[in-house]
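The chain below stands alone and is given as structure tokens, in the form predicted on its own.
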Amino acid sequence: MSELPLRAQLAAALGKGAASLSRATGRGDGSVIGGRIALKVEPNLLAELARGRRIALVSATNGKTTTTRLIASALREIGEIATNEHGANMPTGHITALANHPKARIGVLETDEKYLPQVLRETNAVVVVLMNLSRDQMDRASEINLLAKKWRDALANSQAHVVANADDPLVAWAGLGAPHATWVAAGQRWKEDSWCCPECGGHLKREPDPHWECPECGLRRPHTTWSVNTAADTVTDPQGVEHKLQLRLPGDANRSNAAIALATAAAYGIRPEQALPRIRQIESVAGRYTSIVTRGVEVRLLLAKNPAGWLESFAVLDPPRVPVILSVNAQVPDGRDTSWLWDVDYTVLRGRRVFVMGERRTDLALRLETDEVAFEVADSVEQVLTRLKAEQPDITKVDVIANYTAFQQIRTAYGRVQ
């Protein structure tokens, strides 16, 4: 901190004070308010705090919080890491993360998709991690093709090393703008936003999977040096060595996140056999995948903010005998527009006991009715448990899928589980 100019030191100190006050008064973890106060004093603070550090930026529509955590854990093999582990992924949160770890020479920053070009420019990041792009917060987010174009332009003007998912055409097209790249065959379950070529608009040929190419302009999937085999639970490195993942985090999406994390760690000189023991220790990220035991029932929390996220959540649900609670809000952090519900295929829930709750449960109920999924309406998780215990005293497990603010409300109700 002493290496910073005096004005930047003052800004950082005031930001840390504001963050501490926020935590002490129970208003939040302070990541955002601390950064806002600091920026008022020194608008160039992010660049000042980033100077001299080897920073990685992690961006995607889905999975960036988890992947940031995996990368940060792997890189702790070589020392202290500055990271925004609470998910405050805009410049205010980045400032707080870097200011809280003034001696850390490496930073791993989850970065909102829209802010990536700005943060890349201000931090002069050495690594940029790109995983996926799909529709999200449709009332206020940019079209994803426009986001990909902004990413591509920003990377073309940077010397950052890109670690990117070659299986997502939008991500690959953006990453191809960078002078240096490592390509990972990380998979892409949700393909509904990437049937058209981001270069010329032509219809992409997507067979055999995972190959893709554009017959019109020749854009095609880059050659990969890392790959994940979700069925075998392995990642293959550039030397052809297979590494067993054995994660505590569930699902194919997290195997893909781990492959990206291992490729990123390798860019910092960390071998998979060094990184994997640290990655394997993680079983929950900011409440995601956490299980709460209440009234003798294990309640597992899954976060799903958009169609691609819901598809991944459905893939890790327990067997059909386990009831599922779906909760949807439409507050500002979620996006006010719930029309995206119609892009989700809910037929996979047929035959399962389903409860709907949240501020926009009526929207969700109509969508389920259209897909001929039987459901029951509830006001809270506790109300659902009361009903289930009365009818099935031996019930032991319930899954919950919720979008962002609904998820946070449930976490708060159970003491902000980690």
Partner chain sequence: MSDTSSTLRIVWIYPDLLSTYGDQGNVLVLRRRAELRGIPTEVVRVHSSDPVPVEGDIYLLGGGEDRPQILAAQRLRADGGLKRAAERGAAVFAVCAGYQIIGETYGDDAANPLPGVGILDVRSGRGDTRAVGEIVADVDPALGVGRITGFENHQGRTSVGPSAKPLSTTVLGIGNDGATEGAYQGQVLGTYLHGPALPRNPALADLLLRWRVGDIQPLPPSWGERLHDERLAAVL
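Numbering follows the first chain given and starts at 1. The structure displayed is predicted, hence computed values, not measured ones.
Here the subject shifts to the form predicted in complex with its partner chain, a form of this protein not shown in this document.
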| message | Only one of 199, 233, 298, 283 gets a heavy atom within 4.5 Å of its partner chain in the model of the complex. Which one? | response | 199
| its partner chain: the contacting residue among 360, 352, 36, 53 in the model of the complex [heavy atom, 4.5 Å] | 360
| remark: Here the chain appears without its partner; judged in the model of the complex, the stretch of 112-120, 253-261, 340-348, 308-316 with heavy atoms within 4.5 Å of its partner chain is 340-348
| message | Under a 4.5 Å heavy atom criterion, is residue 216 part of the interface with its partner chain in the model of the complex? | response | yes
| task | With heavy atoms only and a cut-off of 4.5 Å, decide whether residue 211 touches its partner chain in the model of the complex. | result | no
| request: Determine whether any heavy atom of residue 273 comes within 4.5 Å of a heavy atom of its partner chain in the model of the complex, and answer yes or no. | output: no
| task | Flag residue 247 as yes or no: does it have a non-hydrogen atom within 4.5 angstroms of any non-hydrogen atom of its partner chain in the model of the complex? | result | no
| request: Within 4.5 Å of its partner chain in the model of the complex, which residues of 370-402 have a heavy atom? Give them in sequence order, or say none. | output: 370, 371, 372, 375, 377
